[in-house]
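Taking the form predicted alone, here's one chain by itself in structure tokens.
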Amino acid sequence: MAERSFAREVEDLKLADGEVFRGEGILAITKALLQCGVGYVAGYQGSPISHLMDVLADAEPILSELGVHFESSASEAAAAATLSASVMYPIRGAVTWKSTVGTNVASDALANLASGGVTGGALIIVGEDYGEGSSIMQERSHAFAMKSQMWLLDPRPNLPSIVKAVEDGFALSEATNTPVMLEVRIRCCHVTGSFVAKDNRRPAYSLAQALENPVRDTSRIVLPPASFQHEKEKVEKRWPAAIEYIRTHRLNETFGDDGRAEIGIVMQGGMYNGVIRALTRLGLADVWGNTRVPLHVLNVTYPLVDDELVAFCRGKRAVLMVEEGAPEYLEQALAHILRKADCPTRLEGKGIFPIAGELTATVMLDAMTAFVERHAPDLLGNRPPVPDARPILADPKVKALADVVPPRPAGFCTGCPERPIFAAMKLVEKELGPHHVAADIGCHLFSILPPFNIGATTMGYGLGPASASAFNVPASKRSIAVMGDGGFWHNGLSSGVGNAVFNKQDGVILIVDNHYSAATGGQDILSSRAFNRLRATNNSIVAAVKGIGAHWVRQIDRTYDVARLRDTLREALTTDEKGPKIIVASSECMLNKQRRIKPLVSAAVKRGERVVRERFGVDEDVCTGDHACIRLSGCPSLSVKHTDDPLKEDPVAAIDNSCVGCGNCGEVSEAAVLCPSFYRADIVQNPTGWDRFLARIRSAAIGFLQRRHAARRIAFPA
């Protein structure tokens, strides 16, 4: 694994009853799972829930002591299927992933799980990756809960509420024999705070007990006629049981309602902090949550409790529904509920709020202001001035900065081994022309941006090769599909390579092997090179693709060899051999490599051992200033600087101190036959006597040549 330590976070999991837990929301969920007596946890890493997975992976001694099984699943579908342990047995289980992409992958298993129902509490923690910090398509998990009838919790973003939601989720699941989804957004995962911890609990019924006492109930298996009975059971038993439990245990909350207010606000629990902040800025609430506008907080957004909502709305002139994202499921449902109850309260929502998009502080404030001005303007009184950045941003002087400050698109890290792959592709493109390139999910997707501008589509994790399937037709060019090692093991081996072999596709598949699931935080995968005592690593991608019938397979163990990459890709695109052409390009993720080697290097230096670090530079006397090296590399450490040479009008290339010594810049320049201006310098720490002797000889020789050159310039001026 990458050398990261979660030792402090693991220690927090040991806190006993009465002690105070301090940290992030996602870590509070981790602690809450252990307090609830969870029997097993599984999941697939991805923002914003990766931290939960990382901490549990490092907490193996604690989990073993409690009898909790933890798995880093091969995919979200594998994680969801793990919950089958709670179908027949009274074992609490939890799974987690990034949503909605992960929920898409897991939906088959979830549909079967929700149909047959569960005996033990089944909690699905979905990291709702929505809004300005998101890295995926903008969708909502709410639809999945409705489709399969799984209850959806959306707690207020503070640690006590989040921990309570975990406890309520397990209890609600067991009371209704239904899996429960716990939705936590990016801000909720990273909100900081504290809560009073409880003792961790061993599972009331263990997985070992289940294995030793097997139970079989065919009425829980999704097969006709049982599946027809499941549908009736959902509607006639589980739904009423959920409504009763939510109502009885007051899972939803109401604040500031004395029965006399003219307006009110109904909201998803996750929107509470934003609502309170907006009301505070309008002078209608304080930071402690005391509010002059009544609030009804839906900590459970599915199912809705009709009579609670009607009771809150009745007698009010207007109610605002605060719902993030589209479609407006809750607003439509509330409108239906009020209409059936013959409640005349006016309902506002989308229209005052934007139809789609994250409800940021500015959006929330604008909507709250418009709602109160429209329906209860007297509440506003003499409003305090509210800070607003928009007039400043509209200033022509500020706008003019866009013309002089260069844009900085997202890109590869300094030294990333994927950068030379796309440099080689650009060189081949120069020779053979552009090709259709199907991209995939992962760091390599940055290739679609400058300076490479490579990639036409992306259809899902590990689906790059499958998304090029339709182009398996006779033509003068072949398609190229790019896929990472994480996507390969997640879905690509069968859906990508297997599909290409089976259908005798003639395209090129480029598998980027950087030894980790790098984009999600550097977790180990099947082909990771490191030894992992809890997981089976070092499984060859080349052996896997050959094992399912691929014949034209090439492995490049050093992606920084741009010339070899270029030649191999050219061969793949021009060979007469039929069938998929597969190139496995391998080099360790530089970010994780630096995490791994820096502690080792520091320790070696402290021990007095000889350590050599490579750095690269540009000879400004040789550099022509055409910057082709930058256009073909895009490395953040490559920049430009002006020289004192009056014959050079353009700035020359320069390498700053963020250089990690990967050598890609020089390799690209050599492969592309650019100027030979790059040089390598070895920095020697704890040098030996021989190192010092060589340094003196080299210094003397260089000094002699420099003095002779200077003398000639004086003797023969230009």
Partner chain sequence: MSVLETTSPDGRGGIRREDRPLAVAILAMGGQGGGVLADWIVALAEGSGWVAQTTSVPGVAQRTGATIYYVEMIRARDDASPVLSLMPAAGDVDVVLAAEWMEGGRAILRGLVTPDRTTLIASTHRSFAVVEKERPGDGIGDATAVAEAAGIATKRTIAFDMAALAEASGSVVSASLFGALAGSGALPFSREAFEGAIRAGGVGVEASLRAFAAGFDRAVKAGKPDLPPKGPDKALPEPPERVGQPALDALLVRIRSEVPPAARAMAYAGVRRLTDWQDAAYADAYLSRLKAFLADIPAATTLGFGDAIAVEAARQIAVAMAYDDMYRVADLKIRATRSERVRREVAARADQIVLTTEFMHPRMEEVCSALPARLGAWIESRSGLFRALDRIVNRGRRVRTGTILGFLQLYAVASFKRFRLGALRHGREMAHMEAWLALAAQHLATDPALALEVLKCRRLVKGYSDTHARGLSKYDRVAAMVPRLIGRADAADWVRRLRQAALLDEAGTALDGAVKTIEAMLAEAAT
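Take the two forms, superpose them, and find the largest set of C-alpha atoms that agree within 1.5 Å; that set is the rigid core. Positions refer to the first chain, counted from 1. Note that the coordinates shown come from a computational prediction; the quantities given were computed from them, not determined experimentally.
There is another form of the same protein, the form predicted in complex with its partner chain; it is not shown, and what comes next is about it.
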Worksheet entry | Sole residue of 431, 231, 108, 645 within 4.5 Å of its partner chain in the model of the complex, by heavy atom | 645
Worksheet, complete the sentence: Heavy atom within 4.5 Å of its partner chain in the model of the complex, from candidates 436, 375, 593, 292, belongs to 292
Worksheet entry | Contact stretch among 315 to 323, 173 to 181, 212 to 220, 191 to 199 - heavy atom within 4.5 Å of its partner chain in the model of the complex | 191 to 199
Discussion item. With a cut-off of 4.5 Å between heavy atoms, is residue 327 one of the residues that contacts its partner chain in the model of the complex?
Written reply: no
Fill in: Heavy atom of residue 40 within 4.5 Å of its partner chain in the model of the complex
no
Worksheet entry | Contact of residue 342 with its partner chain in the model of the complex (heavy atom, 4.5 Å) | no
Item to complete: Examine residue 237 and determine whether its closest non-hydrogen atom to its partner chain in the model of the complex is within 4.5 angstroms.
Response: no
Worksheet item: Quick one: which residues from 271 to 290 get a non-hydrogen atom within 4.5 Å of its partner chain in the model of the complex?
Response: 272, 273, 276, 277, 281, 283, 284, 285, 286, 287, 288, 289, 290
Item to complete: Using a superposition on the rigid core, decide whether the Cα position of residue 610 changes by 2 angstroms or more between the shown form and the other one.
Response: yes
Worksheet item: So, does residue 688 move by 2 Å or more at the CA between the shown form and the other one, with the core held fixed?
Response: yes
Worksheet item: Taking the rigid core as the reference frame, is the Cα of residue 258 displaced by 2 Å or more between the shown form and the other one?
Response: no
